[in-house]
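Two forms, one chain: they're shown below as C-alpha cells, one block per form, named structure 1 and structure 2.
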Structure 1
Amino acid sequence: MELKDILSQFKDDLKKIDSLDALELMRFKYVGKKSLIAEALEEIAKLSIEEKKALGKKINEAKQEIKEKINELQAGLSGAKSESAQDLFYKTLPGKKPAAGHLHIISQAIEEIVDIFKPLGFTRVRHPEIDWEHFAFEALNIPSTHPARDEWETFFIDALPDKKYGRQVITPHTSNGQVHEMLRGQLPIRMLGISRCGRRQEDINHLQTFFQFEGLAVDKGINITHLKGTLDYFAKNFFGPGRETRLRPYDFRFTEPSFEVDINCGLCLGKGCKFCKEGWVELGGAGMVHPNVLRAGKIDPNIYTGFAFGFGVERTYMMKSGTKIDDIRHLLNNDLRFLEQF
C-alpha cells in the first residue's frame, strides 16, 4: 500500500475512534510490528539505495506523526472519556482553566463581619496601627503607672517619644481608635474599626500579629441593652443559631461596667476539648464607655453614653462551627494545603 493511501486511511479511521480500546487497535494496525507502515518499509527493500533513502525517510516521518497523533488522542481520551475522539483530535475543546486563588480566610472573615454590622449602621473605619501610647492607654483611662497595662504585652517602637502623647506602639488593641473617632467630632458614632494589632505573645490561642474589630456606639440614651442586643445579633449571624454567648463580669479601665464575651466552643460545642479546655472560649471584651474616655474624646458624658466591644478576627473566625482549626498559628503559616480548604 502506498504511503499516501496509508495516511488517508489513517485519517478516516481516526475519525471513528471513540474509545481507548479502539485506539490501541489502531496502534497495532498502523505502527505495530506487522502494521501497514512496517509493510511499507519492507517493500522499499527492493528499491535502489537512493530511492530507499528518500522514501524510507518519508515513511519514518509519517510513522512518527501517526504515533504522535495516537498519543495525543490517548491523552485526550483518558482525560475526558465522554468527549468524541474527533473533537479532541482537532483541539476544539476549551483549554484547562488556570487554578485561581481566593481571598485569605482572614480577609474573608473581615468581609463577613463588615457585612453583618452594616445593616445596624456601623461603618468600617481605620485608625493608625502604629500609634501614640496616649491613644492606646492614657486616653482610655489607663495611666502609665497602672498595672493593667501589662495585660497588653505591648511592642514599643524605638523612636523619640512625644512630650504630650508619649511613646509610639504597635497598637495592642483597636481600642486606640475609640478616642480618635470621638475627636473627629461627629455624633452620633457607629463605628466598626478593623486593624492589625500586635502583642508579645504566641501560642495555640494567640498570635503576635492579629486583627481586631472594634465596635463603638455613642449617642444620647445608649444603654447596656443596646450592647447586649448588638452582640447577640452578631453571634446569631456569624456563628449560627446553635451557638450561645455569655457575658462574664470583668474589669477594663475604659468601660464601666465591663464584660468578657464568651462563646461556646465550635469544635466541641461546649463539651470541652484540647482547644477550649472547658467548653467556652473568650471572644473579647465589651462594656459601656467610661466617662473619662468620653471626656478624652471631648464628649460630654452627662449628655452622651456609649458602648464598645473588641474581638479578635482570627479567634472569632475559628469559633465558627465547622472550621475545625485547633491552632491559631495555622492561619499565618501560609501552607496552601491548609488555606485551600476555606
Structure 2
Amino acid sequence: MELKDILSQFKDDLKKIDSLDALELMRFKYVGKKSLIAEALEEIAKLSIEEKKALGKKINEAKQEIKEKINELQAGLSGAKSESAQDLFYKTLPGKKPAAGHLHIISQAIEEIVDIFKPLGFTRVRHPEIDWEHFAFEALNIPSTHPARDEWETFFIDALPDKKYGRQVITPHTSNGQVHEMLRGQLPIRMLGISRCGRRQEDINHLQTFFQFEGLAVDKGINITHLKGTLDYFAKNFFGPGRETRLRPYDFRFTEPSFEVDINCGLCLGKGCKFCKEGWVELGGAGMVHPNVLRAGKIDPNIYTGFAFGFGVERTYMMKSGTKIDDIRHLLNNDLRFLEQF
C-alpha cells in the first residue's frame, strides 16, 4: 500500500474511534511492529539509495504525524469522552473564552449622569478630593462650631495646618468645588463636579467612601424655577417617568433657601420597605447659592445668583427603577456574583 493511501485510510479510521480500546488497536495497525508503516519501510529495501532516502524521510514524517494524532485523541478520550475524534483531529473545537470585564456599576452611573446633563450645558470638572477646611467649610458658610466639622463626622488629615486655610480634610462633599470653580472667574457657570468623598457613617444607606456629583449654575437671573426644572429633567431621564420627586424645606449653610430632594423608593414604589422605611428616600440636597458663598468665590450676589445640588452617585443609582439593591455596601464588596448582574 502506498504512503498516501495509508494516510487517507488513517484519517478515515480516526473519525470512527469512540473508545480507548479501539484507539489502541489502531495504534498497532498503523505504527506497531507489524503495522502498515512497518510494511512500507520494508518495501523501500528494493529501491535505490537516493530513492530510499527520499521515501524513508516521508514515511518517518508520516509515522510521527500518526503518533501525534493518536496521542492527541487519547488525551481527549481520557479527559472528555464527549469530544468527537473528528473535532480533535481537525482541531475545530472552540477554545475557552477569557473572562471579559466591564465598567463597575458606579462608573456606569457616572457616565450616564454626565450624558444626561450635557444637553443643559453642564461640563464635568474635577476638584481636590483632599482639600483645606476653608474650601470645605468656611467658604461654604459653615462656621467652626458647626457639628459637621466635628472629628466624629469628618476625616481630618494628619498634616500641618495652613495659617490661612486651616487643616486638610477628606472632602465630606463635592461642594468645595463650587468655590474653586467660582474663583476661576469664568462666568456664567454650568458645573458638574464628580469625585470621591469621605464621611464616618456606614450602614445600608451610607458608605464611608462614596462618590458625589455636584451641580452648580451661576448667572444673571437664576431662580428656583431653574433649579426645579433641572431636578425634574434629571429625575425623568435617570429614574424614568414613573418615579416621583418632592422638595422639603431644609437648612443647609451654603444655600438659601434650601431643600431636601426626595424620590419615591424604587424597591416598593412608595409603599414602605426595609430600605426606605416610609416609601420615600432622600436623594440629596439642593437650593439657591448663599450670598456668602458667592462672595467667597469673588462673585457679586447683587448681580449674579445661582443654584446648586449635590447627590451621592451610589444612593442615586440604588433608587433607579429595576436595580433592586437593598444595601449600598454591596457596591463596594467586590463580589463578582453581584457585579456581573450590571
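Counting starts at 1 with the first residue of structure 1 and goes up one by one along its sequence. Only the largest set of C-alpha atoms that superpose within 1.5 Å between the two forms is called the rigid core. Quick caveat, the model's predicted, so the values are computed rather than measured.
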property: Structure number, where the criterion is the form predicted in complex with phenylalanine; result: 1
property: Shift of residue 302 between the two structures at or above 2 Å (CA, core fit); result: no
property: Flag for residue 22, CA shift 2 Å or larger between the two structures after aligning core; result: yes
property: Residue 209 C-alpha relocation of at least 2 Å between the two structures, rigid core basis; result: no
property: Cα shift between the two structures at residue 46, which is computed once both forms share a superposed rigid core (Å); result: 26.2
